[in-house]
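Okay, here we've got a single chain as structure tokens, the form predicted on its own, with questions on binding and movement later.
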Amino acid sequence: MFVLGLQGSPRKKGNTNYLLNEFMEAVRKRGAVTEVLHAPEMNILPCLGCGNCERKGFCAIKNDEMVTTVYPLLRRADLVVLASPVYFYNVTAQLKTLIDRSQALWARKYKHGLDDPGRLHRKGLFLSVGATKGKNLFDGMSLTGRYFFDAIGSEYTDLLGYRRIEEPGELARHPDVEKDVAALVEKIEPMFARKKILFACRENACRSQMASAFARQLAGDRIEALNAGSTPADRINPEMEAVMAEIGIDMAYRTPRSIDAAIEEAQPDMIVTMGCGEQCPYIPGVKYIDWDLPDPAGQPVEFMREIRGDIRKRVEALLGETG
């Protein structure tokens, strides 16, 4: 399972970051792969309000870390964790800038009718710390978080917030943090029990991407669908992205990666190969299945559609066999 943390506090060693680190350490002990992005340190430009994402499906800003880093990680994540101190009853400005730019994902979903394969089973959590004790302290940021998680295709699961925390290191002395974090992890316990299936092809730009997308969409509650390539390409195949969009599946912002990198993070229970042949490593105890699928790269779009249909049928049959 891949858990993405989005940390909004300018104080990298503050109470909010401590709380996020405690949660991340807890899920790592359960086998999760984690990554934390510190929004105040990132080059993320504010939303221009230009409407380009609603017209064309992509943000008009092309050269900042929202495009190169945040969008791809949001699409990959099984669980997204927002973490921010309370600033005027909401998140910090730096994290709010990141949240505002998620409008591009909202537009793809609601204006262009494209469904992210992870949407049905991705989870979202909010961690926060505030200096005052007001009853409504977390209401504003909770509403912001709810709409953010909807935009990125994630179910808003819970908010863990602490009142009257202000001094450096104060949360580390709080008697309930360990218990509260454990309770949060327990709420997502079923995600750790999913069977891991790695779909592998040569470039990880087309066939394995489609297969993992279908598996994630159809059975993401019981299957952790991974994908990789023996010689990964620089980017996914644009024709594959287009034919998947024809059936309403959003493949934007996927990033090819190597089989070695995928296996290093988590050992799969099964590897489904699609043409990488002898370059796919052998792992004792892992079940292998080979699908004899031709590489559609460079072929007419009709051929890509045929491969798309073939892969979907094979994935459905595989999911039926795995229970």
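Sequential numbering from 1, following the sequence displayed. Because the structure is a prediction, the values reported are computed rather than measured.
There is another form of the same protein, the form predicted together with a small molecule; it is not shown, and what comes next is about it.
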Does the small molecule get within 4.5 angstroms of any non-hydrogen atom of V129 in the model of the complex? yes
With the partner left out of view, is D158 within 4.5 angstroms of the small molecule in the model of the complex by any non-hydrogen atom? no
Within 4.5 Å, heavy atoms only: does Y253 come near the small molecule in the model of the complex? no
Residue contact check: Y110 to the small molecule in the model of the complex, 4.5 Å heavy atom: no
Only one of L79, L137, L98, V185 has a non-hydrogen atom within 4.5 angstroms of the small molecule in the model of the complex; which is it? L137
Heavy atom within 4.5 Å of the small molecule in the model of the complex: which of P117, P85, G229, G145 fits that? Just give me the one. P85
Quick one: find which of 101-109, 88-96, 220-228, 68-76 has residues within 4.5 Å of the small molecule in the model of the complex by heavy atom distance. 88-96
